[in-house]
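Taken one at a time, structure 1 and structure 2 that follow are two forms of one protein chain, written as structure tokens.
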Structure 1
Amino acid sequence: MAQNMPAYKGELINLYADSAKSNRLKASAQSLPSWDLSLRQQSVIELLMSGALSPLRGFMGQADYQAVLDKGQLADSSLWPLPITLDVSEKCAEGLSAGSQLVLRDLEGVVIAILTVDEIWRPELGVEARAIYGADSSSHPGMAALLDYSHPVYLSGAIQGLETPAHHSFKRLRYSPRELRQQFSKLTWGNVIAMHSTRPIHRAEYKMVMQAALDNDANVMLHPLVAEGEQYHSRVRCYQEVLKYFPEQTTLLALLPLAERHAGLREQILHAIIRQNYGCTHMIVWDQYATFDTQSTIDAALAEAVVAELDIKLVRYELPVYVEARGEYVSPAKLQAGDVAVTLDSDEFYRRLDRDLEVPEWFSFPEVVDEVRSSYPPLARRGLTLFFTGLSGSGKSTIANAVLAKLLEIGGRHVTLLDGDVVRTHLSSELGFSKEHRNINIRRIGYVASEITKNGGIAICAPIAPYKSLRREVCDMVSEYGTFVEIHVATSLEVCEARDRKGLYALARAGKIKEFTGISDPYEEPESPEIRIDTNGISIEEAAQQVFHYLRKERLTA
């Protein structure tokens, strides 16, 4: 590629303390309050410290936060599309005030930064969600994540970086913005076009990137998002296989530690700013990332601001389609009369993997298909969680045991029952029955189920799990590794109370058990479970058969 334009050289903000100051801060950290960062928070602070989120020097205060929501810019009117905030619990916020220092630790407890608190406030998350996603709908993945998983208190302030979060895999693919700029300079690359991705790259994406590089006289940086969980390992191996198909010395693969936010144009602009900070001159914008685009009223104004303020050029491309008669990929705009375009979207690709069907050779590279198949086996061999939920006495445990017996009878897969009472005895014996403790118990069950699912087994869970948000959280944990099936045992309160085999309802009615589900604490019924079982007038065997009918229909078992 020709080298006729220097890579962007804007100022990078370095938030890391020098070695002497870092040692002093680490020594003082032992006496300071601390906060354990989630994976999402850890990825954001890593980008802050490295300068990838320049010009930010820490987490936003209220003025910047509100300006971003209202106008897609900071309080000083400079372009910025999405809030960069630190959310913490009420307990963490207790005792903090302006000027307080808070130690930020990674998942292993290592001190990675210290925040000097500027402001403490409690945002209206619904307002934030509507400003970003443009609709009051919890079905939007970004909105659901914000409303369900954000803590109620926001802290703003500058951070001092002490330690880069540890990454034990693909270390040589993890570059800071400064390191990538140096690499581009060393390679004498001028134009550098960034390819953003959250999925494997198949032949159509490859053709699109090659065309974009040719059109813009640029070298290529494949810059996929890798932030949460372990599933990205297979995807990175897919990128490594695709890299072999690019011309030598023209393409570089680097990993971006950031979680997807599904925020449409706002998110595309944030990615453009980040790629600009990494030294890229161009970024491909393509239709895959319009799936969850927003209807924000400021999108048009933001688009104009991008053109005016960014030093990186956004180039839009459509995925080419395959014309079988010609044996080649063609841009949709260049289809000729009589051309029959063949496509295979992501849903169809994974449907074929689910059912162990052939994937056409024209669609992807054989190495990529093999790699995806190894981490995404057919449904009947994939990990699975059956999550029974319902009132105490509804019959969850009895039905779960009947399903367990049938699965063991069929054989072929490891099956584990995580019954609510048994888990309480062996995993959560120190917990009480407050809402906080019940949530902890459900999270523990979800974590164990996700580990079983990740390793190809079947987890059968039978807790009460009265709260929708916690059930969704467990679903997200499990779905990263396999299939989650929610089963609502919809026995009425009257029937459950009439059974009352353990005498719990009588004790709750007498006020001797506080916060008892269905009596003094609500049960939030699932709105659309995969299976709903009404136990009135049916046997346990018939209830279990309903579960098996669903599993066979969905090809989840042999």
Structure 2
Amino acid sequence: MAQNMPAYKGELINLYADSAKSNRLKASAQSLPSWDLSLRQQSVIELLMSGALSPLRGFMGQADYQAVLDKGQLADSSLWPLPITLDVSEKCAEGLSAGSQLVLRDLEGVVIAILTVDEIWRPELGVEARAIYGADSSSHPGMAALLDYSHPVYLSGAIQGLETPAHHSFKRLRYSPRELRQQFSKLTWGNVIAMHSTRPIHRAEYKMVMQAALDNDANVMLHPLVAEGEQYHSRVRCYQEVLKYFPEQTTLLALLPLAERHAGLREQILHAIIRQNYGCTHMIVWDQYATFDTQSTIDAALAEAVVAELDIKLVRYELPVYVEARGEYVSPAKLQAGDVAVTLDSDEFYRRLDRDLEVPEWFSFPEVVDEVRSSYPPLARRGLTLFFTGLSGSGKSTIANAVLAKLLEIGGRHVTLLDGDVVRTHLSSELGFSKEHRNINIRRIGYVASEITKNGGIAICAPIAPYKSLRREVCDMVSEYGTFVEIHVATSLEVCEARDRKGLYALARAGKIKEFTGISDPYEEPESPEIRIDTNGISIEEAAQQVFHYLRKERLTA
């Protein structure tokens, strides 16, 4: 590759204290107040300390913050697209004032950095969200994340870095900006083009990167985002497989520890600044940034500023499409009359994986498809939670047991039954039946079910779970890893009470059991469960069959 432009060498901030100072600060940390960083905050601090967010030296104060929201600039008018802030709880902020020192710890309690507090303020998160995500985007994932997870108080101030947050996986793929710049210099790489990515790289992306490298006489740095706490390991293994297809001498894979903010153009500029700090001369701008683009009104002005101010060159590419008749990928702009492009979008790709169908060779690399399939098996082999809900005595446990027996007969996946009574004996023995305790109980069941689902097993839960909001919470927890099926055992209160197998309804009517579901405590019926079983006049066997019909129809079992 030609080296007509040196890898970027602009000034890198280094916020790490030298070893003598670091030892002094660590000793003093014991007596200072501290804040436990979330994984999201930990990533930002790591980037701040290593200089990846140069020229920032810490968390933004109000003047910078406001200028960023209004104009996509810092108060000194230099380009900066997104707030870099530290949000903490009211409790943490209580004893702090300007000049206080706050110890920032990771989840294990290790001291990562010390913040010298400058300003303390309470942002209007709604205003921040609208500035970034546009006025009318309450369902925007970035906005929802900001409003859900941000603590109410922002702290600004300079940071003294003491320890790089530990990463235990893919250590060889993790570089600081300094290390990467050194690497580029050692390899005598001139132009380096960064490829940002949050999804596996298939053939179209591969062709696009190869073309961009050729067009710009550049070496390639694959620089995917990996947010700690997320399931990125399989994706990284995919990149490692794809790397084998790139020319070894001119391609490097490095991980960028940062969560996506879904902030469209603003985020794209932040990534450009970060890549510039890592020493890249170019960055590919491609369709991926178009997802959840913001409607923020200052975008056009920002775009101009980017071209003018950044030292990194943003090069726009469209994903090429495959023309079967020609046996090659073609840029959409270069399609000729009569060319028929075949496409396979992400939804179709995952639909095929769900159903264990073929993925065409032209779409991806066999090693990548194998890797994706191993972490995302067909529905019939993926983790699953069957969540029965219904009144006491509705027949949940009996049906759940029948379903358990059938699933064990089919085999192939480990099955665990988390029956209401059993859970209350072993997992929730200290809990009663107040709303608060029931919610804790259901959260525990949800957590265990989500772990079972994550590991490819089947969890069958059969609690009363009277509250909709908690059933939704469990659904969200499980859906992150596999399929959640809500099964309402809709036996009426009259029938449950008439049966009264345990004699509890009689006791409840007599006021001897308080807060009894259906009698003196609510049961919120599921509005649209995946399965509703009306047990009136049907046998246990027939009820279990209904569950199996659904599982087969949805291809959730063999």
Ligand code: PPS
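Quick note, the numbers are simply positions in structure 1, starting from 1. Predicted, not measured: the structure shown is a model, and the values here were computed from it. Heads up, when I say rigid core I mean the largest set of C-alphas that superpose within 1.5 Å between the two forms.
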Only one structure is the form predicted on its own, namely structure 1
When one rigid part of the chain turns against another between the two structures, the option of D339, E241, P377, A263 found at the hinge is P377
Expressed in whole °, the turn of the smaller rigid part against the larger between the two structures equals 22
G383: Cα shift between the two structures after core superposition, Å, came to 2.3
Superposed on the core, the Cα displacement of R444 between the two structures in Å comes to 5.7
Core-superposed C-alpha displacement of S520 between the two structures, in angstrom, equals 15.3
